[in-house]
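Shown here is one chain on its own, the form predicted on its own, set out as structure tokens.
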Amino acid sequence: MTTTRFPAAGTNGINGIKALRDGVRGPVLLPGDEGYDDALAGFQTASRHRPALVVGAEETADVRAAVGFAAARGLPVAVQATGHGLSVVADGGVLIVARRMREVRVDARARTAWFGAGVVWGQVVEAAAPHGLAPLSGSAAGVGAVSYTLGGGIGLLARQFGYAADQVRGAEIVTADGASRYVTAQSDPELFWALRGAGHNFGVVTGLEVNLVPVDRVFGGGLYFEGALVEDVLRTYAGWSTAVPEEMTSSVGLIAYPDLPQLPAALRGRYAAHVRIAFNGDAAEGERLVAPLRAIGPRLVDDLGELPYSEGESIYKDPPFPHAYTGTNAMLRELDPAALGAVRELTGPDRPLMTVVDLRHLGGALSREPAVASAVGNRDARYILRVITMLDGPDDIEQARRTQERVLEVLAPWTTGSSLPFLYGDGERAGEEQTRTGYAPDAYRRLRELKARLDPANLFRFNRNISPAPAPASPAPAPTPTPRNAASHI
């Protein structure tokens, strides 16, 4: 895509930018301005947006002004909060940086929370905890809550409570016409359905209202097994996970830990299987349920126990610092031991690039449509297998792609589709064919038709894009009858 350049003067150039700056509370930055590079920084360091204009939104009015400015000039719009899930680089256009929109409100009586577009999960967890409540947050406290939820959101207790998107009560969104509206199941059923699963394809979501669940403590933590036991861990986990109750949400990570002083001594420089447990129930019952896993063999680390939900981030121990990575995934209808063995061989510690395999158990409430249906797809999947490759530089990208493509080929016979929020990088290269894998065919058709109505110019395309459906073809004109006295009849 060609980078957008603003003209030197005129209504669409400097004067227009001055008017925008005068009309918003947050900063408006051009390339070369002080603060421009800092505004683009995010958790994902492998790539960075390259917009022609940055608007650091502080409130919904700023977003409306930015979208109106872009729409009037035919410029595409991108949104960034934390930059965790950056998959498509904005080359030109307008980037709305939402990190200043950090309002969180909890209504303990209604068991709901409202949060703005720049809020991270740690803020919502902290605000809800004093009331004995919790959001359907994910494994890392620093992930943006709005984008996570719009993509579906597979949280710590997802098997019991479903996708985070299933708990959305309302969304404030600025659409391509620059209007702000509050969308609920009653006010706009079709857009409400689409937002829960299709992300920012239909506008800039500036805030969400979600249900909270009555959870304040869980039985959780991790079991770490040495590399020699990885095959036993995967085999045991495949059988064990088919029999556990919905209150148990778990996963397995295969990780070659670097030899770094900030890691536990038992893990430094080791290849290990990390079994993650989050059980919403009595600790004694949790101990009984995990006994078959402990029986696999000795653990390098075993920190299972009861803990506050507010410490749930400690279950996965995701790295909290920005770094470069690329990733893909396959949603699976079942686990095949031979296929898992092949994945382990493709991604093991002897490979030149550090690759993390993350196998998560789905099913339970994730497999059921909520009372108000959403666009979230692949609910028939029972597992999701993610492959995340760490990058030391741009030369690693092609090698990472080859490894990930081979993993997907191995898993193809059991694959139902993809989880779009867990696709990192390569968005332009993969294109819309990959986006289709996140939805059922009928849902994808509905999304394209809605896109054609709300954003026919595809203003919001710097994402796992859903392109507008083409306009229906006009019927061919009826043939003109030939007069009886035409020459052919003489």
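Since this is a predicted model, take the numbers as computed values, not measurements. Counting begins at 1, following the sequence as shown.
The protein also exists as the form predicted in complex with a small molecule; that form is not presented, and the subsequent description refers to it.
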Margin query: in the model of the complex, is there a heavy atom of the small molecule that lies within 4.5 Å of any heavy atom of residue 231, even though the partner is absent here?
Written below: no
Margin query: Using a 4.5 angstroms cut-off on non-hydrogen atoms, would residue 150 count as touching the small molecule in the model of the complex?
Written below: yes
Notebook entry, point to check: Counting only non-hydrogen atoms and a 4.5 angstroms cut-off, does residue 273 reach the small molecule in the model of the complex?
Noted result: no
Notebook entry, point to check: With a 4.5 Å heavy atom cut-off, would you call residue 80 a contact of the small molecule in the model of the complex?
Noted result: yes
Next item on the list: Find the only residue in 361, 299, 84, 379 having a heavy atom within 4.5 Å of the small molecule in the model of the complex.
Entry: 84
Note to self: Counting any non-hydrogen atom inside 4.5 Å, which residue from 205, 256, 339, 357 sits next to the small molecule in the model of the complex?
What the structure shows: 205
Item checked: Partner-facing stretch of 273 to 281, 221 to 229, 243 to 251, 152 to 160, counted where any non-hydrogen atom is within 4.5 angstroms of the small molecule in the model of the complex -> 152 to 160
